[in-house]
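Below you'll find only one chain, the form predicted alone, shown as structure tokens.
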Amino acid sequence: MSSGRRRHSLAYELFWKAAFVVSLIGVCWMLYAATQKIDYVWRWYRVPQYFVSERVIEVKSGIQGEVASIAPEGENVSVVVAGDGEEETHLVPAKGLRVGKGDAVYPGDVLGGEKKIVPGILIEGTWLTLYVSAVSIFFGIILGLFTGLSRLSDNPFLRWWSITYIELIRGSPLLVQIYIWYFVLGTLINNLLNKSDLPQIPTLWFGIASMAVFTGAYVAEIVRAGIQSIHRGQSEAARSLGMNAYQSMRHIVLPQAFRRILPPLAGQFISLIKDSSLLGIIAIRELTKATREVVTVSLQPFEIFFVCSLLYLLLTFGLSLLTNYLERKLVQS
């Protein structure tokens, strides 16, 4: 009887796995058939150039003058441009040299150049998306941890401020918050820095700040729920061993809560990667904005947006695999 049930179970599993594969092939075939019915010329062969491209890296003069000397330095040459009371030296690839000694040059004139294989715009956009998301989630976790602990604090000042922050941030769209950070807070802060003769903050960091503050509110609730899920007896046992509230939270409660909040934290990070697409509205060239720029130039909306969605899928799926690995490690430990 037991072996019969196992054989039945095995046949059941094989049948439905085969059904899944067949249905997946069917969906892919229908998608392919639909693409053949539309009046559109597919140009997939043009996509790779937006991942890796060959560009000419040019060396330009910054002053007006003439080429005073050209001296060889290995595979490069040292070009000295002398003007009225000023002089500058440039290291130019010997094969790409475009000027000779005594030539007159002006600011912006090309002294030489070299062809190099560089990452394409889609790779740059993907990297910036990953960078912005990672930095935002890092600061968001720190902010969310302190806010979550304050939410559970007996101090009314900390508790009420944490509640105000959480409800205010979670109750407004991220798009609106990005606008406020860039056009309101960003303008105010940079004007103050400009009046103090201090360097201004780049747009990228206002985008990161908006996403970190937004993420912190959700992480705070995740942390609060994780801490409250730990039985009160754990804290009482720690107190009976002579630990104070800080030691109990650090050594007993938080390590156990971390195992429970890891999956929702990973889900928040995945959502943040997709939410980073909104940063294009403030001229940050993340993946979605880079995709729109490529579509504008290439006039290939279908291919490029398919590739864009695939890149987002790779980022989020890779993070899911990493999270599953960490969960298994935590269970084993």
Partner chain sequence: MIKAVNVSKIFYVPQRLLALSNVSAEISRGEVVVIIGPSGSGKSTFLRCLNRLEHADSGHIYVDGVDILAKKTDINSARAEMGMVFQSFNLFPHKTVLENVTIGQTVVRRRSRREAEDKAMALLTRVGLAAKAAAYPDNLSGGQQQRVAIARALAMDPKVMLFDEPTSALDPEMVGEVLEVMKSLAREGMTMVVVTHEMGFAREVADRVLFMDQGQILEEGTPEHFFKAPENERTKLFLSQIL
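What you see is a predicted model, and the numbers here were worked out from it, not measured in a lab. Residue numbers count along the first chain shown, from 1.
Keep in mind the form predicted together with the partner chain is missing from the figure; the text below concerns it.
Three-residue site 237, 252 and 255 fully in contact with the partner chain in the model of the complex at 4.5 Å by heavy atom: Yes, because 237, 252 and 255 each have a heavy atom that approaches the partner chain to within 4.5 Å in the model of the complex.
Heavy atom within 4.5 Å of the partner chain in the model of the complex - the one residue of 85, 108, 233, 171 that qualifies: Checking each option against the partner chain in the model of the complex, the one that comes within 4.5 Å is 233.
The single option of 100, 74, 156, 242 touching the partner chain in the model of the complex, heavy atom within 4.5 Å: Comparing distances to the partner chain in the model of the complex, the residue within 4.5 Å is 242.
In the model of the complex, segment of 113-121, 184-192, 213-221, 243-251 with a heavy atom within 4.5 Å of the partner chain: Looking at the partner contacts, the answer comes out as 243-251.
The partner chain contact at residue 259 in the model of the complex, heavy atom, 4.5 Å: Yes, contact at 4.5 Å.
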